[in-house]
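The chain that follows stands alone, in the form predicted on its own, written as structure tokens.
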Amino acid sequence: MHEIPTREFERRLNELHRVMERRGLSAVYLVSAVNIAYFTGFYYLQTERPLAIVIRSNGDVFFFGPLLERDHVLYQSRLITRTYVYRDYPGETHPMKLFAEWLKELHLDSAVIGYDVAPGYVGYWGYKGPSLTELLPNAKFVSIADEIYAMRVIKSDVEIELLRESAKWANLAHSLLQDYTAPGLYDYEVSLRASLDASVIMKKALGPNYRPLRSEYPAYAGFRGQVGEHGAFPHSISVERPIRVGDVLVTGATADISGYMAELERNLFVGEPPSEVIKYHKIALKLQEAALNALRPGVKASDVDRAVIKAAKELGVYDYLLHHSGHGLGLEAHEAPFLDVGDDTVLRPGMVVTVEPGIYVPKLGGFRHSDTVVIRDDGIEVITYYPRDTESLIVEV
């Protein structure tokens, strides 16, 4: 499966309509690009130009936005009842004033309207503008952000299948990344080649109707600058030197399946790793195992992180543990819940999280594996499956 069937959007909208009925709402006003994609299938590049989706209690779905997105939304989504467009921002008349006029036209200027992020637009790329609460003083705007997030945090069978498909292609992309890694090459050379080849194979396999939605290419594999000593920076981004023999590499791979992207991360070792590297790699695996062993339905997210912290202290690496043990995953790369001591969310079947405790040793490198895990009724399902043992992750030189 690589497309979201219409019945899935209908399910989501029906659930939203139940929220509307329960809260006494005449409409819902969405501005989050992720929420818009979740309910309508319309993905777009968010800019300074205000854009919103209005969903009425009678089932109508309206698009408010710039002219340049009109044909795009109609191409991507079959759920839009009508489009309202303005030429561009800021324009002779501010778009938010037009939004207010369009809501009046829809007889919503005195209604109770639920919103996800803001009753207007978010401050994005220099946007400035009034709130609809100022422009429509007789309307009542109420936040339903929590209700929407509660819907998104439990993944449907369709969403889990999309993530499983993503994990399959992430595995291919990472395999190519390992094959192409060699001393003397820059990280981006290896990443671009592996990502391109995996993307071409993926596109050919999935057929002419497949298209990536959250990224510009289907599959990705790379290092994010975590090469050698730079691996000790969890978010290094880039490195100024080529890959060398003896480097510990922190890698990542994913693939875009209707906007859902599983997370796969591993270590690679350029040449036979010394005993110190093997020691830290095995410790990192023990920390991930501590998290996986604690992960099950009914457990608090915070308790999973506590299990990792306890293991890190026992193994003498707590000072190298720089972040929490994982996070939710879905249409966004990071979502709630967070496997963090401060998040007491009770894990439930249908939640999807990454499990990725990492240790970062100055001047040596980072040691982190990340796997995508589905919480099931009777335990967990790990849907990423690239080898984790040291021997399988050695790059021959």
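Residue numbers run from 1 along the displayed sequence. Because the structure is predicted, anything quoted here is derived from the model rather than measured.
The same protein also exists as the form predicted together with a further copy of the same chain; that form is not shown, yet it is the one meant from here on.
Shown alone, this chain has one stretch from 291-299, 154-162, 234-242, 271-279 that lies within 4.5 Å of a further copy of the same chain in the predicted bound form by heavy atoms: 234-242. For the options L321, I144, A118, L315, the one in contact with a further copy of the same chain in the predicted bound form, meaning a heavy atom within 4.5 Å, is L321. For the options E189, E101, E134, D303, the one in contact with a further copy of the same chain in the predicted bound form, meaning a heavy atom within 4.5 Å, is E189. Across the proposed site, A167, S175 and E381 without exception lack any heavy atom within 4.5 Å of a further copy of the same chain in the predicted bound form.
Contact annotation for R266: none of its heavy atoms lies within 4.5 Å of a further copy of the same chain in the predicted bound form. Contact check for R87: a non-hydrogen atom falls within 4.5 Å of a further copy of the same chain in the predicted bound form. At least one heavy atom of S215 is located within 4.5 Å of a further copy of the same chain in the predicted bound form. With a 4.5 Å cutoff on heavy atoms, D60 does not count as touching a further copy of the same chain in the predicted bound form; it lies far away.
Residues of 16-46 placing a heavy atom within 4.5 Å of a further copy of the same chain in the predicted bound form, in sequence order: Y43, Y44, L45.
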